[in-house]
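This document starts with one chain, in the form predicted on its own, laid out as structure tokens.
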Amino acid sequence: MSQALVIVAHGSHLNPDSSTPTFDHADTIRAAGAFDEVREAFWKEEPSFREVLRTVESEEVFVVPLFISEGYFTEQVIPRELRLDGWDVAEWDSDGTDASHVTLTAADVEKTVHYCGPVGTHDAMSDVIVQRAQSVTGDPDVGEGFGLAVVGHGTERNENSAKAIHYHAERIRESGRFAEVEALFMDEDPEVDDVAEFFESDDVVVVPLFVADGFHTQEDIPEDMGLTDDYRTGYDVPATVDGTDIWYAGAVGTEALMADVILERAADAGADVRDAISRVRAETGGAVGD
């Protein structure tokens, strides 16, 4: 039976770069030959969630949300727009970071759909955060003597938003690779505005857990941290704030290794993509054979 991958993401009417990581990761997976078909779909751009299954010929479809956390979009909007018969969020049996996959039928197109949890809560995302730190410092062994800040949006409307940030910060902290690891936020405590106060290390890598670079990662966070008074004038990497060198990485979702997390989600749902995962890891700088 042929199999297809559909990557669903938010997109934006206002930021033309919002969808770029989605297309880039889809191209990487397409080139790896993992699926007979690879499609992208968006909430705020075309092609839309509602029509994408009608563009797929395969009878078996793996749908992977390129979202950071479980919540309104992954639990309500995407299943509704894909018309997944019998969807019940309880079948994910998740406390906010455990969603794996559910197999359902999209009745109007007669396809079997393996609906996966968001990429942002997969364990492999911790590796992408570390790789993002390596990319911004240019040091494949970065960690000793460095602090790491994993930064999320944070919102009282979705408690799971913060759970994903704390989850990965704790996993990386337990690995012992970095001298210090903290979870910080834009809109809730502890806030990224005072980033230097949370670390004793002289160097701190700041990795926003966002899918794409946009207003928050390119304007709000750099200004909030004091890297610049006006994002339009740019800033240095690293930039010194209150005596601490801040290595600001930008959105983790732009890291090429994100394609591996998408494949891992599909593999967990039963897709036969293990050979492709090895090829993608080799191409994007990830560890092969984990």
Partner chain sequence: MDASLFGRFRTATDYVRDWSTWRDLPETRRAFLRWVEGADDLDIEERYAALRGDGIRRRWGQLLLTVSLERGHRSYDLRHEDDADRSTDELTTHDDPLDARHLATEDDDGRYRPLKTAPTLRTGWVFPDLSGEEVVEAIDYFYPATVANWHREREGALDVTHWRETAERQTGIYDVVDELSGEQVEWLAQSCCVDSQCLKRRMWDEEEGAELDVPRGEGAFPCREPCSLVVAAARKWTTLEREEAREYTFTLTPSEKEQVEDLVDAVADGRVGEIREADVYEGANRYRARYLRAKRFDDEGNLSGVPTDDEEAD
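Treat the numbers as computed from the prediction; the structure is a model and nothing was measured. Residue numbers count along the first chain shown, from 1.
FYI, the form predicted together with its partner chain isn't displayed, but the following is about it.
Contact between Phe215 and its partner chain in the predicted bound form is not found at the 4.5 Å heavy atom cutoff. By the criterion of a heavy atom within 4.5 Å, Gln76 is counted among the residues contacting its partner chain in the predicted bound form. Proximity of His13 to its partner chain in the predicted bound form: non-hydrogen atoms within 4.5 Å are present. At a distance threshold of 4.5 angstroms between non-hydrogen atoms, Glu45 is in contact with its partner chain in the predicted bound form. The stretch in contact with its partner chain in the predicted bound form, judged by heavy atoms within 4.5 Å, is 52-60, chosen from 52-60, 256-264, 241-249, 217-225. Residue-level contacts in the predicted bound form: of Glu91, Asp203, Asp193, Glu81, one residue has a heavy atom within 4.5 Å of its partner chain, and it is Glu81. Checked against its partner chain in the predicted bound form, the residues Val136, Ala179, Val109, Met186 give one hit for a heavy atom within 4.5 Å, which is Val109. Although its partner chain is omitted here, in the predicted bound form none of Asp272, Arg274 and Ala276 has a heavy atom within 4.5 Å of it. Residues are counted as partner-facing when one of their heavy atoms sits within 4.5 Å of its partner chain in the predicted bound form; in 24-40 these are Asp27, Arg30, Val38, Arg39, Glu40, in sequence order.
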